[in-house]
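Read on for two forms of one protein chain; each stands alone as structure tokens, with the labels structure 1 and structure 2.
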Structure 1
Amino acid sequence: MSERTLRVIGLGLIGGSLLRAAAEAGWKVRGMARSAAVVTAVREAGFDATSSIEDALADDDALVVLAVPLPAVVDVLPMVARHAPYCRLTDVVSVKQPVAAAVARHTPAARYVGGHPMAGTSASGWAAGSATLFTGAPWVVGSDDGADPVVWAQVAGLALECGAHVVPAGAADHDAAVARVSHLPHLLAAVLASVGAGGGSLATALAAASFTDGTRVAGSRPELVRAMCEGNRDALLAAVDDALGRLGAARGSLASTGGLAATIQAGHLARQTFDRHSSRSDTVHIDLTAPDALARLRDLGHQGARVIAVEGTSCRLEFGS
């Protein structure tokens, strides 16, 4: 088994960065992109690349990574099923439940463990990628019941070698969480940018860090933002309702008393939780072949634990910094 052979399907920002990072970590990598120009650029950078998915999937022992936008997943999976039906498969798509459902429908024999590195920039494409993109970033590794422990360990190991820390989570929990901390921010950034632009040239001239920080992701390619937000519709609706309720309360307070203390203070305290490390500092060892391993991983992920090492079919998690 070629346990350190990687095939990356899609060489945009995330896929291209993964190709670079995995190569630096000693993996034997090959990328696939439909664009001849991208394939040429990848080869000129010293990497193995092809425009043929059949060629990319020729090695049955490789770990295959889907690094395409969500709408393209259903186009790629039938080709994976045709050329590598029993492959070890993961992905880096920002929504997990739709991908898992598509895999079950189109490539049911694949040994699939979902993944999602929480890293990126407002830029896109191969040229925007970097081998250090994942350094220090959370990387979700899907931990729903039925996941193959060998593939789980390999996906988690890949994430760790790329510089990320691994967060175990189920697909539904992942989608609910990223709706609040990734997809809603994209939507709010779009609204904030539009409101700012509505102020005309003076507002544009006065825009400083608070505005530019809040609207940074509005510079992302609209079709990519639409794909991830619309693909997580139900969870995003719940997050939008929460945000609208809080904005409504702020408006009501501002209109009636002129005060915003409750909203500002709640936000300030909430933001501090993202800078505060867990008070726990213990480590936990999990045998991935144990019957309750995945349930334990999900529970520990909920508690803020992260995987720091994978050894065979066991892993070590830690709390705290």
Structure 2
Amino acid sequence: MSERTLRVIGLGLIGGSLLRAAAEAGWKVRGMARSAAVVTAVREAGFDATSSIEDALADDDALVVLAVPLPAVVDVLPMVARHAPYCRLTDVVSVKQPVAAAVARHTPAARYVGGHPMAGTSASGWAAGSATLFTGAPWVVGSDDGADPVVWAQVAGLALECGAHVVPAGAADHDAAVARVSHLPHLLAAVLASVGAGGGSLATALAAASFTDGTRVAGSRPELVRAMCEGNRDALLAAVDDALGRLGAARGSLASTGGLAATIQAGHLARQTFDRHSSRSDTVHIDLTAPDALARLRDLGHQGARVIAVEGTSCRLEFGS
């Protein structure tokens, strides 16, 4: 049953976790890592692995997952084009527009549906992986026009089998959203940590929970944070400008009237909205082969819906947490 054959290119935290989770869900899996030590470790853990990408791509009928960092995507894609040009292809990279552009350029014949499981960034490597990494995590499945409904259903099904909930979104919308709720938080945490350190040991001694919480992700590996943030440059610039505008307005208000009501109230309301669950509780069915299926999926994703089941080429979405 080649439909459920998976090839995972790159066996770091995400790729390695996907290999484990998919195997547990009954997929026939094979992983590929350049490092011989990693391949050995993966085999010792009981999984099929190879250090040859040609070997990994030999089965043209597998679903291929790009699980390499963004900068390596352009190195891997030409090999995919060479060895499995028509393959079903997805990825787990944290930005979607640059990957989609690279796929269009290097492997235009592949049936590509992008993905982004939003789990774990502070640990890394095969050893840090786990079959349960994706449990309860959002997993974005790219829903731009042109996506093959069969591949879309397989990628969404894989994500669900890994324990994630599927959020349908277009690449541009995805990148704009994660800039606001993932990349900007990392940047603000770095800024806050530096401003705090500027206060010396006394400030450190007086650091409240607000500082500890607000700087936690500044402890993440800098090269991973940079890759994530720099890879989403345009969308992150827009989010940073929004933050600069709001912080500048707060500064102006504090300096002129001494008041921060607008800033504090807006933030409080926003956080309350974030904590509140969606008021919608209906279920929506989508036939993935319908002409407007992808537009409807994007619209539902915009409204906070998630895919909770895939059957053949139809899926079911729900609202709420």
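For clarity, a rigid core is taken as the largest C-alpha set superposing within 1.5 Å between two forms. Throughout, residue numbering runs from 1 along the sequence of structure 1. Computed from a prediction, not measured in an experiment: that's the story for all the values here.
Assignment of forms: the chain in structure 2 is the form predicted together with a further copy of the same chain, the chain in structure 1 is not. Relative to the superposed core, S220 shifts its CA atom by 2 Å or more between structures 1 and 2. If you fit the rigid core between structures 1 and 2, you'll see the Cα of T135 move by less than 2 angstroms. Comparing the forms between structures 1 and 2 on their rigid core, the Cα displacement of G26 stays under 2 Å. For L254, the Cα shift between structures 1 and 2 is 5.1 Å when the rigid core is held fixed in the overlay.
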